[in-house]
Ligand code: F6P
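Next comes just one chain, in structure tokens: the form predicted alone.
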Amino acid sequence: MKVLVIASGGDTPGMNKVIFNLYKKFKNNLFACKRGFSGLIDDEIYSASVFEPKKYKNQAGVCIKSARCPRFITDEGFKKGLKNAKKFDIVVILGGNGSAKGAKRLAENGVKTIFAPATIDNDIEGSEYSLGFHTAVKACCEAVYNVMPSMNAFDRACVFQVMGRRCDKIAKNVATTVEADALVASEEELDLQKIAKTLNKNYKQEKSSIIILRENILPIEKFISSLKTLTKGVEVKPFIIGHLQRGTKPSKVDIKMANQISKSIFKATKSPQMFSYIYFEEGCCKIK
């Protein structure tokens, strides 16, 4: 049985562990697309051993490379990808909602496909958890804990911008864990007057302030500039946590989740359906 694995969209901590587990199971029968659906279209498909999965098994990122691929949405790009996918008995796809749609489309066109949730945003439809989320939240919290001692020394406020695209889960979990003074996880929560009031109060009491801002709501520079017009003497600093969320070594939780996903993939390959959707429910990894 020839198995192809694809990592599509954003990389996420734990992907390498899943790929290594697949390699241990299928050995020379495991192949990998280089750079996700782009590799599928361009026939950049190699034996998984080329990517040294054992070397990277406990690291973040993804050893087989990933990419965003608008071409896969087009008829021409999809036809090329479909032709190459049909060379394999099963195609395993790790990614987010866009990847899930791509996986389902392959299945609808005759490719036995397995999709597994892997995105730090934890916004997969029908799954309570996606690989990498715990690590991303942990990385954000550690960034806050490491920066705030210096902010405390000067009674400064610090705005921490976290990832999440259109999803508020990272921002909300981080804000709760670090006990943030203000959270802007959606456009509806963007109340500059209220945030400024909190910052002014803390400054008068010789306290620093933590503000968690989800990306794609308002540019952090503009957000801080607006705050400064409403605060009295408060020094507001920016800190974009950025790719620490993706590049941090997978947490023990995500290694455990990667192993659960791997076992579910193995189970799905034993009696493969045209489309197998792996998801988390009540802490358990399931297949539908």
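Residue positions are given as counts along the sequence shown, with the first one as 1. Remember, it's a predicted structure, so these values are computed and weren't measured experimentally.
Same protein, other form: the form predicted together with the ligand, not shown, and the subject of what follows.
Problem - 4.5 angstroms heavy atom contact with the ligand in the model of the complex for E189 - result: Flag for E189 set to no.
Exercise for the section: Tell me, yes or no, whether A116 is in contact with the ligand in the model of the complex, where a contact means a heavy atom of each within 4.5 Å. Expected result: No, A116 stays farther than 4.5 Å from the ligand in the model of the complex.
Problem - Contact label in the model of the complex: M163 to the ligand, heavy atom within 4.5 Å - result: M163 belongs to the contact set for the ligand.
Exercise for the section: Would you check, heavy atoms only and a 4.5 Å threshold, whether I120 touches the ligand in the model of the complex? Expected result: Heavy-atom contact with the ligand at 4.5 Å: present for I120.
Practice task
Heavy atom within 4.5 Å of the ligand in the model of the complex: which of H243, K263, K249, K54 fits that? Just give me the one.
Solution key: Answer to the contact question: H243.
Problem - Listed residue that, although the ligand is not shown, lies within 4.5 Å of it in the model of the complex (heavy atoms), from K27, K232, R68, K256 - result: Filtering the options by heavy-atom distance leaves R68.
Problem - Candidate stretches 163-171, 103-111, 138-146, 191-199 - the one whose heavy atoms come within 4.5 Å of the ligand in the model of the complex - result: Comparing against the ligand in the model of the complex, the contact stretch is 163-171.
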